[in-house]
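Single chain ahead, by itself, as structure tokens, in the form predicted on its own.
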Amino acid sequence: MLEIQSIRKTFNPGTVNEVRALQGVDLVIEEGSFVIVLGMNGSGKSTLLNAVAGSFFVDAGQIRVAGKNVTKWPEHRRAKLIGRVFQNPFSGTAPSMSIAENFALATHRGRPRGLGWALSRGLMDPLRDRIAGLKMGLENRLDNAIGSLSGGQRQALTLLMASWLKPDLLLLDEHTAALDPKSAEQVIALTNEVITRDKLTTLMVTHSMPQAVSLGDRIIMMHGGKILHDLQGPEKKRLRPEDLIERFNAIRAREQLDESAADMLRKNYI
């Protein structure tokens, strides 16, 4: 369902601010798989999602979604295949428009809207039922501006919008990181419910070790723009949060050794 072949991306090449964000990433995700992406700050995990979404074009390599080579497709064209929820609860929606109007726009994701996107009974009835399932009391507030809601309410609705058309690929970029613990727990429960029910192929970035071990069927650990570990099957099921922390500590220790070795070399040759 998602095939990534040797993609590379360097920002500000040839300058003092050069960042090699992705360095030959290869990844294949089967249909219906729920993959968690972990990594320290600057590891390339969010850059990977942005590359897949089309926020920028990669320098090299290929990206295929649902069998289609989307490498040169702009972001709006990829939206036909990809649903996405951002870290910021206020991204991905039109704050001054009502809940119902935002969902009407979501049902036309990736298609010309013209004059035919207006609200209809065919949308309102299932929309009210689905939102009632959130148990947030929002089914009776569909005319409220979505910008007037709390972060947790807005993120729950954004997840419903991103998954409404059952996209070929769902991208979740630390979508609970900005929420309070209770709201984050609610949104994670909804996330698992939606992905499981609709069998959505999903790539989810998180910093939470408990989320990583309790959700999904596979964990990708990134560092320095590369995939260092690909944990799945029985190995994934046996993982505890402490096991992941140990792996990250090993990465940090190796970095410190590399830095020490580099310092010694510099001293010896200066």
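This structure is a prediction, so every number in the text was calculated from the model and none was measured. Position 1 is the first residue in the sequence shown; the rest follow in order.
The same protein also has a form predicted in complex with a small molecule, omitted here; what follows describes it.
Contact check for Arg64: no non-hydrogen atom falls within 4.5 Å of the small molecule in the predicted bound form. Not displayed here, the small molecule is approached by Asn12 to within 4.5 Å at the level of heavy atoms in the predicted bound form. Remark: Glu139 does not count among the residues lining the small molecule in the predicted bound form, judged by a heavy atom distance of 4.5 Å or less. Residue contact check for Gly216: none of its heavy atoms lie within 4.5 Å of the small molecule in the predicted bound form. Heavy atoms within 4.5 Å of the small molecule in the predicted bound form are found in one stretch of 229 to 237, 64 to 72, 208 to 216, 35 to 43, which is 35 to 43.
The candidate site formed by Glu101, Thr158 and Leu190 is entirely out of contact with the small molecule in the predicted bound form, as no residue has a non-hydrogen atom within 4.5 angstroms of it.
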